[in-house]
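Below you will find one chain, with nothing else, as structure tokens; this is the form predicted on its own, and questions on how it binds or moves follow later.
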């Protein structure tokens, strides 16, 4: 009873912030995202009667907590009580705003379900992954994805809206700090409603999601980029006005945010977005990847550059 899965991180063009239900991880609003081709987690899960306890090794370090809770969900569905060994590795920094929990729990969900003998649909895998980490549900389907917020567990899951090859855009990640963020995303979600601007945001999200889907369908890069950048700033305005406030950006994050507008003024069509962390995503058309990478290479505070195109969702490794 052993299986290995690979799952991508994803970048949200419209963001999820705040939860209707903390236990089920039902989001306050739906969101639109893209799976990333080169931010990946590989996870192997083995259930065995020989194991006396669960063993979780993430990037070479013994862990526990939420991963064991997630294994319990799988065991309940499969009606088994076997302990498991989990070995999981990311090919990118964890805890810096690159959504390692999304790729991690998506890979864990698929590998654990397969190892436990379950044959779940993509919808059911997405629902299950969401319970481990909300954004993990968006890493189950491939390509461009919509997470339906829903009011119950069965109605909150992610679906593909366009395949990976629909639009030749890219997400060039600038890693500005490899240190983990001080405040976990889950703690930030719990404070979202303390921002006086949260009701205004929630009232706008359905229309914004409908608009970004239309812009992707039309491949309208300029308006899409403008919306994506404005949405990232709006998300962080909620964090800045929560109580206590939440500031994820570093000086490197801010420098790149300011430089992007200068690069656009100079004729390079590129836009930024930022998740709940310090590392920054630069969205461009694939024909401009080399130009964006060259700009980032000029910055001595950028520790790494990771180029992503629209990627596959969670998949099993066939051995």
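Numbering follows the first chain given and starts at 1. Note that the coordinates shown come from a computational prediction; the quantities given were computed from them, not determined experimentally.
The next section is about a form of this same protein that is not shown, the form predicted together with a further copy of the same chain.
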Checklist entry - Can we say 197, 251 and 258 each have a non-hydrogen atom within 4.5 Å of a further copy of the same chain in the model of the complex? => result yes
Checklist entry - Using a 4.5 Å heavy atom cut-off, which stretch among 128 to 136, 225 to 233, 74 to 82, 148 to 156 contacts a further copy of the same chain in the model of the complex? => result 225 to 233
Next on the checklist: Within 4.5 Å, heavy atoms only: does residue 211 come near a further copy of the same chain in the model of the complex?
Outcome noted: no
Next on the checklist: Is residue 174 part of the interface with a further copy of the same chain in the model of the complex - any heavy atom within 4.5 Å?
Outcome noted: no
Next on the checklist: Can you tell me if residue 245 lies within 4.5 angstroms of a further copy of the same chain in the model of the complex, counting non-hydrogen atoms only?
Outcome noted: yes
Next on the checklist: At 4.5 Å between heavy atoms, is residue 272 in contact with a further copy of the same chain in the model of the complex?
Outcome noted: yes
Checklist entry - Heavy atom within 4.5 Å of a further copy of the same chain in the model of the complex: which of 190, 240, 168, 183? => result 240
